[in-house]
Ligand SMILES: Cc1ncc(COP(=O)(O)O)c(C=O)c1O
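So this first bit is one chain, no partners, the form predicted on its own, shown in structure tokens.
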């Protein structure tokens, strides 16, 4: 079939360079198509071993994993849920699934993640107005660790449940501990463009066994443990198939090399373009997988660069439009100083999984602009 795409270099294409075919064939030969089987068990075991978490459940997507996280902490309609504003909208939609109230928090300029100072101001203001937050969905944007040490202190101080959205951040760490394991609940995404991919999929992890047991039940249509089909509460079809898990099993075997490659790509951009841009900073104790190589360019250069790259068949993308600027969330509360808006206006994600000769082409085009 002819490839009709206008791009010859993609932003973050998956690479299937390991045992994917072998493990998929094994799943087919064993007739394991449902949400259980050898591949599911192997993939989950690898996630636990790599992250150091103690309980995991595979899900249909990162978004479904966030929804399950909200379900297992028993949010109620009207509960206030804090959320990073600079993120993909999949992090915040689940708040609306449960009829809760989103409150968005602005970024800091160093990591592009939530500013702890603004976060504490928001928490105090909400409590003073009789609306204490129930939970906080903290996004580690683009794989960069937030200042989670400070955020953990705030969440404990004000009795807020911390949900880590590590959708972009598998393999990133803070103080030697893997992101996704530092809050009460963590989630990962294995979408087609993530650092490892199952085509679609996600996972939810927690040290609290009861949370993951509840998540598995909700994700399995809330079927009761009886021989017939008994359902007492609403459930969802959120489990990952064994076929998808077979790909994830093989991808996890390559994760360390994938992180190494992404960091090398990012480093080469920095070396060649250092006078032209700024970027997310790894603060003390932080290690980023550099899932996407994202930069802020001066003035209006970002729009010119995006256009010129597209003209040359190269896929790049602007940064996410912050949630508080999205039409759907126009009535939501926002705390901040529009740092995230500035990142959106000037930020670009460049191709982050490519060969060196392809990267040199990208850099040459940017330099011409």
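All of these numbers come straight from a predicted model, not from anything done at the bench. Positions refer to the first chain, counted from 1.
Same protein, other form: the form predicted in complex with the named molecule, not shown, and the subject of what follows.
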Partner-contacting position among 287, 88, 236, 279 - heavy atom within 4.5 Å of the named molecule in the model of the complex
88
The unique member of 167, 163, 205, 245 whose heavy atoms fall within 4.5 Å of the named molecule in the model of the complex:
167
Can you work out whether the named molecule is within 4.5 angstroms of a heavy atom in all three of 67, 69 and 222 in the model of the complex?
no
Going by heavy atoms within 4.5 Å, which of 155 to 163, 184 to 192, 269 to 277, 248 to 256 lines up against the named molecule in the model of the complex?
184 to 192
Report yes if any heavy atom of residue 201 sits within 4.5 Å of a heavy atom of the named molecule in the model of the complex; otherwise report no.
yes
Although the partner isn't part of this model, could you tell me whether residue 57 comes within 4.5 Å of the named molecule in the model of the complex, counting any heavy atom of the residue?
no
Does any part of residue 63 reach within 4.5 Å of the named molecule in the model of the complex? Heavy atoms only, please.
yes
In the model of the complex, does residue 146 come within 4.5 Å of the named molecule, counting heavy atoms only?
no
